[in-house]
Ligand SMILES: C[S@@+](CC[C@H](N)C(=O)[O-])C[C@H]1O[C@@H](n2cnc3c(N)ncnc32)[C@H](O)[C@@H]1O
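For reference, the chain that follows is the form predicted on its own, supplied as structure tokens.
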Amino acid sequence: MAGIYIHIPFCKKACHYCDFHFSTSLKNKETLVDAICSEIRVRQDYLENKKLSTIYFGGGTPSLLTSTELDKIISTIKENFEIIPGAEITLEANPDDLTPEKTKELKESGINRLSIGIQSFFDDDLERMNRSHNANQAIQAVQNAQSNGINNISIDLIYGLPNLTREKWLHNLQQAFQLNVPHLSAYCLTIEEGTAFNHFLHIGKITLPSEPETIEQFELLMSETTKHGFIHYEISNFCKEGKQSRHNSSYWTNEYYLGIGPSAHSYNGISRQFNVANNAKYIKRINTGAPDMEIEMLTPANKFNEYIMTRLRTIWGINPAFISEQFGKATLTTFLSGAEPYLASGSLQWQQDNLILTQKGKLLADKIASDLFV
């Protein structure tokens, strides 16, 4: 099985924390949709005839697509790939786009999963982040989707925000639980170069919670989701039984995927490919019939490090037998030696035949992974 990711690089506004590729000008949206469809046709052989089990519309803000544009892309995928029955088809959406009419259209287009970028249920936080919706719209968006039969819903929240107290973070979580969504993605705010938040931080316009406060928010996230029956299946992702993101899980379990659109990435087990992160250049290159992309051939060391990084973050953990089979016994010996101090300190533990992070280890996931790299 394999997946397709479609990058829709348009947003109404620039969020103050975001460094993804997007444009706030929609003037080339129709032309870019045509280019996306052309790229799908040109690259239909990339997945080596593997059937599609997931389609994911990310961005940017894919909910800015009209039903005509969305149907055009989905139809092109169906014409060039075989899609399994019951495939997961996800669309990322902003709450202010998800009117009753819009959610009805999305359901009719075949969207069966929504990932809604709520981030906070407090208007002051949303204004500070320069989000295009308010707290009431966030709640209403989920309810609109549910009323139109889209119940497989994920919502995004951010902790570690400026002025985010323990009480506000707990309220955000409780509101998510009250909405009865089966999936939650919660990310710690990262200040990225070139973003408005990075500038605000340097001039003293915002201050961030202390490290102990941010750790407390993460620990609260883990404890509250557990109380409400969620499985912590990846560092930033929590789901009810059977409701994990099948598309994102494929990234962590080494499945092939094809990335379509400007800045999109692809992976086929041998290399990674990266489309140009520029809308005009992307359209021009696609229209010449020869998409120009950067290709990174993966060395054994690259593959090993990616395996460690992705699997360590998940509930499935790292399998030593797989390391021995794929990378050799010498690599396994080195890995086990590196893991020993973290086993001794209680950051790693054995779960059947796999090594997984403990609650303590989840606070150190990136450091542990880097220490286990070759």
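Note that residue numbering begins at 1 and tracks the sequence as displayed. What you are looking at is a predicted structure, and each value in this text was computed from that prediction instead of being measured.
Not pictured, yet referred to below: the form predicted together with the named molecule.
This chain is displayed without the named molecule, yet in the predicted bound form the stretch 189 to 197 from 189 to 197, 226 to 234, 298 to 306, 71 to 79 comes within 4.5 Å of it by heavy atoms.
Site residues Gly3, Tyr251 and His265 are none of them in contact with the named molecule in the predicted bound form, judged by any heavy atom within 4.5 Å. In the predicted bound form, at least one heavy atom of Glu92 sits within 4.5 Å of a heavy atom of the named molecule. Residue contact with the named molecule in the predicted bound form: Arg131 places a heavy atom within 4.5 Å of it. In the predicted bound form, at least one heavy atom of Asp156 sits within 4.5 Å of a heavy atom of the named molecule. For Thr54, no non-hydrogen atom is located within 4.5 Å of the named molecule in the predicted bound form, even though that partner is not displayed. Shown without its partner, this chain lists Asn279, Ser245, Asn275, Gln119 as candidates; in the predicted bound form, only Gln119 has a non-hydrogen atom within 4.5 angstroms of the named molecule. Contacts with the named molecule in the predicted bound form, taken as any heavy atom within 4.5 Å, map within 16 to 46 to Tyr17, Cys18, Phe20.
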